[in-house]
Structure formats: structure tokens, C-alpha cells
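Okay, here we've got a single chain as C-alpha cells, the form predicted on its own, with questions on binding and movement later.
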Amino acid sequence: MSKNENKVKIMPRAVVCEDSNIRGDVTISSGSVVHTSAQIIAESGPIIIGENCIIEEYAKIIHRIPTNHKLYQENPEKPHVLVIGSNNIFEVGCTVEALKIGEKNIFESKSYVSPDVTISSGCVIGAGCQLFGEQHLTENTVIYGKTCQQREALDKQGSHMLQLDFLRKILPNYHHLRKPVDIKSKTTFATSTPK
């Protein structure tokens, strides 16, 4: 597969709008929703998005390892796989370049996470917060405010399954969708017409 070739795998029950920009080797697991105008770009290796994730409009997930990053310097020829855990929410306009993302995280609107940041599980990156430099967010970390203050969440996050169910019902009515992978024919880019 050439570097610029798209190899998108959409699992059953995933809803992926055709107008999303997906480049590279990307797997979208069952139950996940990718809105129109979202970008998922796999430059430095494959991206595997876990189950029941929501990627909203203008959200960007970019897997691009900088040449000065230790992962690149250790083995520049070996592709690094970015595995994104289940039940993550990427809100409108966020940009996430982290090379490790656990599950049940929320990246709020207009937030930015650099490749040097490791996100565990249950974290919230507040609206407009920008994380740079090498750091590891432990479980249930909340980043908030103009100065990106940090604290531990007191309560567990609520479920977003009602939102997912709503999006799975409503998006096909207004957008063309990419079809899931057909195991027999390996078709991934056929579209369905809006109802």
C-alpha cells in the first residue's frame, strides 16, 4: 500500500458520513459515529478507533509523529499504530494528535492535544485548552480554564449512549453515509442515499 492510499474499514453499526475526510489506514469500530467535515488522518501508521466513539463536525484526529519525537527516532521505518479506546467523544473543532488515547475521554470544543501527551481513561480536556510538552494524564484528569489547570474528577462521567442512539437514527436522514465493510466483497466506499 502506498503512503497516500486510503484503506478505510468501517465495521457494522458504525455511522460514517461520506463528507468526512478520512485518509490513510483507518478502522472505525462498531457503534462509532463520524460526523460530516470531521477529519481522521493516518500519516505515521494505522488508526484504530474503538467502539461507540463520537467524532463531531470539524474535529481532527491526526496520527503524525514528528521527526524529533522519540518514537520516530527509535524506529523511523516501523509504522506506529494509534489505538483509540472505546467511548471517547471528540467535540466540534478539537484537534487531537496524542499517540496514546484510552477510553471514556472527552475532548471538548476547540481543544488541542499534542503528540507528546499521553491520555489514559476518563479524562476531560476542557474547551479551548491546549496541551503541549511531554506529559501523562492519569485516569479521571480534568483540564480546564484559560491556564489549563488540572484536577481529578470527583464523579464518573455519564454515559453518552442516548446521544449515540439519537445520532445513529438522525444522521442517515440528512447525510450520505459510507457503508460498512462487506466481508465477502471488501467494499468500503459505497454510499447510501438519505431517507
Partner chain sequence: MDFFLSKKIVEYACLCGVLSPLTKLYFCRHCLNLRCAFCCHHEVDSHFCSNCLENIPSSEAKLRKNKCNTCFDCPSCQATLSARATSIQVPMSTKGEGGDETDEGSASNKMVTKKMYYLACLACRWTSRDVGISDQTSQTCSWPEQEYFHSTRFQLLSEHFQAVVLCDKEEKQDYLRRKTVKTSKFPSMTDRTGLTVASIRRQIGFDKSAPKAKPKPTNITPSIATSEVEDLPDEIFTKPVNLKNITTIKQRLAQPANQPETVKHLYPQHKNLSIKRSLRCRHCEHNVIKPEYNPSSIKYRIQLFASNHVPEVRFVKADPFKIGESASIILKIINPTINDMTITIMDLPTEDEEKMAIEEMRKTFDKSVSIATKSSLTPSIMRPSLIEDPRMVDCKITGKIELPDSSFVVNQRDDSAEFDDDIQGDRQDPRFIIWRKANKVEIKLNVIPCDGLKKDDDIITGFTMQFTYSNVHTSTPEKESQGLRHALNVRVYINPGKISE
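Positions refer to the first chain, counted from 1. Small disclaimer: the values here were computed from a predicted structure and weren't measured.
Below, we refer to the form predicted together with the partner chain, which is not included among the displayed structures.
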Task: Contact at Ile106, Thr138 and Thr141 by the partner chain in the predicted complex, all three, heavy atom at most 4.5 Å - done: yes
TODO: Determine which one of 53 to 61, 150 to 158, 164 to 172, 29 to 37 lies within 4.5 Å of the partner chain in the predicted complex, judging by heavy atom distances; exactly one does.
DONE: 150 to 158
Task: Ala98: touches the partner chain in the predicted complex, heavy atom cutoff 4.5 angstroms - done: no
Open item on the list: Against the partner chain in the predicted complex, would Val124 count as a contact residue? Criterion: heavy atoms within 4.5 Å.
Closed with: yes
- [ ] At a 4.5 angstroms cut-off on non-hydrogen atoms, which residues of 7 to 31 are near the partner chain in the predicted complex? List them in order.
- [x] none
